[in-house]
Structures are given as structure tokens and as C-alpha cells.
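Before any questions on binding or motion, here is one chain by itself as C-alpha cells, the form predicted alone.
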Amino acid sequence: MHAVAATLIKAILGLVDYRGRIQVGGHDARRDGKRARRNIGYVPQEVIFYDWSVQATMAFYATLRRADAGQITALLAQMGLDAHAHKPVPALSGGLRQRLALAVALLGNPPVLLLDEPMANLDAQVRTEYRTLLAELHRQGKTLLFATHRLEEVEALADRVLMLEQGELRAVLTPAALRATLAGDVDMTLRVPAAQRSAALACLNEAGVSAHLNGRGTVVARVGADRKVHLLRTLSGSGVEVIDFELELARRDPQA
């Protein structure tokens, strides 16, 4: 599902060809891409910056976007980065770098924020803080269009949910309707230490849970939605540490 969402984001940004029509702020993304993109602030999943200071990075992107550099001080304060303005970006934590990416996206005050798995690489506490920042921007009137596998992000930030599968729109739901849909089986993608992957598979298979390793080396287990906590407790009781996990609707082919 993420690959489809990522392709959609690339289409909106004019990076891939597509069928159909995309409009942003009344501008056709194909025929009038520059004007359409002026309405968009983009936060990618993987954030890469030069080895400059936070202040210099913001100034560089303000020049690229032809945005008023006078915004920089206020944006850094809004993102909680004012105390880090003169630090080199590589010295920042992952959470602070993600805040910087959001500050860059807000240069020029675009009405739309486009985010690709913006919290995928953050730990639980930092995710909560970042989600609060995004919720406040939404409350202030920003349109957030984001790709995610995390139900808590959907419930905290979304008004409508587009479910995409194999390039097709599967459903348009409210967050509450999505939770009801997830009452069926879900695939839990579990990140565990590499040395414990075999133990995790053995533990789950012994408990009667269908589980396998995916191509990224993470454990994927299929369970009923009401058994998620039980599964985590089962692993913990066997001494397996779950570093993080994500939820997806169960696919028809568990090896897909």
C-alpha cells in the first residue's frame, strides 16, 4: 500500500507520469506544475541535508523557494528549533531533523503539506511530539495529505482516509470507519533485534500465529485486531524485544 501512496505523492509533485487529473489550488499539476507546486510544502520520509547550520539550511531553501527570509526566525521558534539555529544539521537528533524538514516545507506559507511517512523513523515519544505539531498546523488551516501505515496517525490527523491497493482506490473512509474495518485480521510488521528474529518466529509459530520474515528482515505476523496486545505480550514473555511495529490491513497473500 505504501508503494502506491508514494507513487501518488510523486504524481502530485510532477515527478512521474500518470493518467487522470490532479489539481492543487486550482492549478493542473501536469500542465501548470510550477504554480501547483507553489501551493505545496513537501516532507519526505528520508530527510537529507547538507552539512550546514540549521540557519544556513533554512536560508538556502528560502532562496530556492523565493520565500521571505524574514519567516525563518518565526518558523524555527514554531518548530522548537530556535535554540539549535547555529548547530550543524548532522549534530541534530532524528526528531529535530524531521522538525527542520517541516520548517523548510512551511517556507512560503503553502496551504498544502504533503508528507510521506513523516514519522516512520522516529521513536514513540518523538512521534507523539511531531504528531502534535502537525495537528496544530491542521487546526490552523493547513491541508495535510500524508501516507502512513499507523492507525494512531490517521485518527489524530485525518478527516478522510483513502485506501489504495495495487494502484486502485479501494475505499474512502472516515478514521472511525477505518478502525471498524481493521476489526478483521491485520498484518503486524514487527521490528525486533536481528539476533532475535528466529526466536520471534519460533515463538509466534508455537503460539499458532502465522508469521514470516519479509524482504527487509522484519517479522510480519497475521492476527485478529483484538489480539494485537496479546501477541506483543507473548513475545515479551519469551524474552523477545519489540523495538517498533506497524499495522496494515491483512493482504490476501500473506507472503506478498
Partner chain sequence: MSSAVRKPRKLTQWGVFTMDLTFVWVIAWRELREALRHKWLWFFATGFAVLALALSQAGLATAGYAGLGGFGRTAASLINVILLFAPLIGLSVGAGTLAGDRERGTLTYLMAQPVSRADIFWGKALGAAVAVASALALGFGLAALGLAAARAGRATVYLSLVVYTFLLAFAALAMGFVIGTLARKSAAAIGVALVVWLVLVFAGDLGVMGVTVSLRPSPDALLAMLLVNPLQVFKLGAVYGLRATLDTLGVAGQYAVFRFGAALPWLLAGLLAGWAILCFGLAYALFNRRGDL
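Residue numbers count along the first chain shown, from 1. All values reported here derive from a predicted model rather than from experimental measurement.
Not pictured, yet referred to below: the form predicted together with the partner chain.
Contact with the partner chain, judged by heavy atoms within 4.5 Å in the model of the complex, is confined among 207-215, 186-194, 26-34, 222-230 to 26-34. Not displayed here, the partner chain is kept clear of T174 by more than 4.5 Å at the level of heavy atoms in the model of the complex. Remark: L13 counts among the residues lining the partner chain in the model of the complex, judged by a heavy atom distance of 4.5 Å or less. Within this chain, Q71 lines the site of the partner chain in the model of the complex, having a heavy atom no more than 4.5 Å away.
Although the partner is absent here, L75 sits close enough that one of its heavy atoms falls within 4.5 Å of the partner chain in the model of the complex. Along 99-137, these residues reach a heavy atom to within 4.5 Å of the partner chain in the model of the complex: A101, V104, N109.
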